[in-house]
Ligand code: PBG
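The chain below stands alone and is given in structure tokens; this is the form predicted alone.
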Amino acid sequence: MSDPNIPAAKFPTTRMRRNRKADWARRMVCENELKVDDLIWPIFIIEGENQRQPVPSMPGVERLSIDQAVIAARQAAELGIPALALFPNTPDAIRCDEGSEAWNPDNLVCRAVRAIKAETPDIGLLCDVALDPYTSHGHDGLLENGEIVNDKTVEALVRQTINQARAGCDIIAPSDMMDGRIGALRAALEENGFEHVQIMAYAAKYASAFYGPFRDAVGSSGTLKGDKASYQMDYGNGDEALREVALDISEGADMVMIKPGMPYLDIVTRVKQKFAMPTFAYQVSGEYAMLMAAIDNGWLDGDRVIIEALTAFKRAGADGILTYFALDIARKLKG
């Protein structure tokens, strides 16, 4: 039997360039197209009022005080961006070994959620679930005798999750990579009357060197002790990612995420093909910083290369992308 993907006819009967001959023809047969609906915009929150604080390792990205985050959310909503992802830069003075600020109902994230929802109720808000923005040691979990303890960390993550759900968060996004946390969070949400809160699991999150600028942005780069290899995934592993995703789906995840993005497009494709779940990818801070360095030096055409890079996520199978370019690209796509 012939392969249906290989045309029977050969040149000159088949000329592949016929469908490329004009702009209208290229648009008509385009297989993957980037849309504003595909974008989630991560923003960093800081204390204070009327504060916009540049992140040096992420040119063009700023940490925003809550009042400025409200303005940003309004801009995003006007452009049709479906959701924001909120990440706090917690002052060192209120970090501790247990990360207890994570379940303070008046912490930065909770106040930001309430303020944004009061002004822009129709935009989705995604809240990270992990302890690293709140711990004095910079790890995503609780540290005992030099090791990250799994089950006690999950108990802490449950407290953080319910705290954020009460504030009005729409999507809980556990990025900690502890075993069993999706099931525990799903059960806690159900038991506390938050059955409609979605879970977007960081199902395959790798121990990557691409996270450096993010840690600068949230203030954890100077506090991190050691590395996260005991709970984040080895970048050499692909089959393991499928097992992680399968477990998270079985425990109640509504959506799954692969992180980082572009270096792991093969994982995005494998996950989407195997599970047919809503699948997201995070174009992480290091990817952003690399592109911006080349763009700022005039080595790459900014608009074109960013849209091409984001379209690669769509081609790989991603239903959406978390990207720091979201606002600018939404303006271009609306343009």
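Please read these numbers as outputs of a predicted model, since none were measured by experiment. Just count from 1 along the sequence shown to find any residue number.
Another form, the form predicted together with the ligand, is not on view; read the next lines as being about it.
Please identify the residue among Q75, N237, N104, S175 with any heavy atom within 4.5 Å of the ligand in the model of the complex. Of the listed residues, the single hit is S175.
Taking E47, R63 and Y134 together, does each of them reach the ligand in the model of the complex with some heavy atom inside 4.5 Å? No, the candidate spot makes no contact with the ligand.
Pick from 202 to 210, 247 to 255, 184 to 192, 160 to 168: which stretch has non-hydrogen atoms within 4.5 Å of the ligand in the model of the complex? Of the options given, it is 202 to 210.
Applying a 4.5 Å heavy atom distance criterion, does F280 contact the ligand in the model of the complex? No.
If you check in the model of the complex, is Q232 within 4.5 Å of the ligand, heavy atoms only? So Q232 counts as contacting the ligand.
4.5 Å heavy atom contact, K117 to the ligand in the model of the complex: No - in the model of the complex, heavy atoms of K117 and the ligand never come within 4.5 Å of each other.
Contact of V109 with the ligand in the model of the complex (heavy atom, 4.5 Å): Because no heavy atom of V109 falls inside 4.5 Å of the ligand in the model of the complex, the answer is no.
Select from 250 to 286 the residues with a non-hydrogen atom within 4.5 Å of the ligand in the model of the complex and write them out in sequence order. Heavy-atom contacts to the ligand in the model of the complex: K259, Y282, V284, S285.
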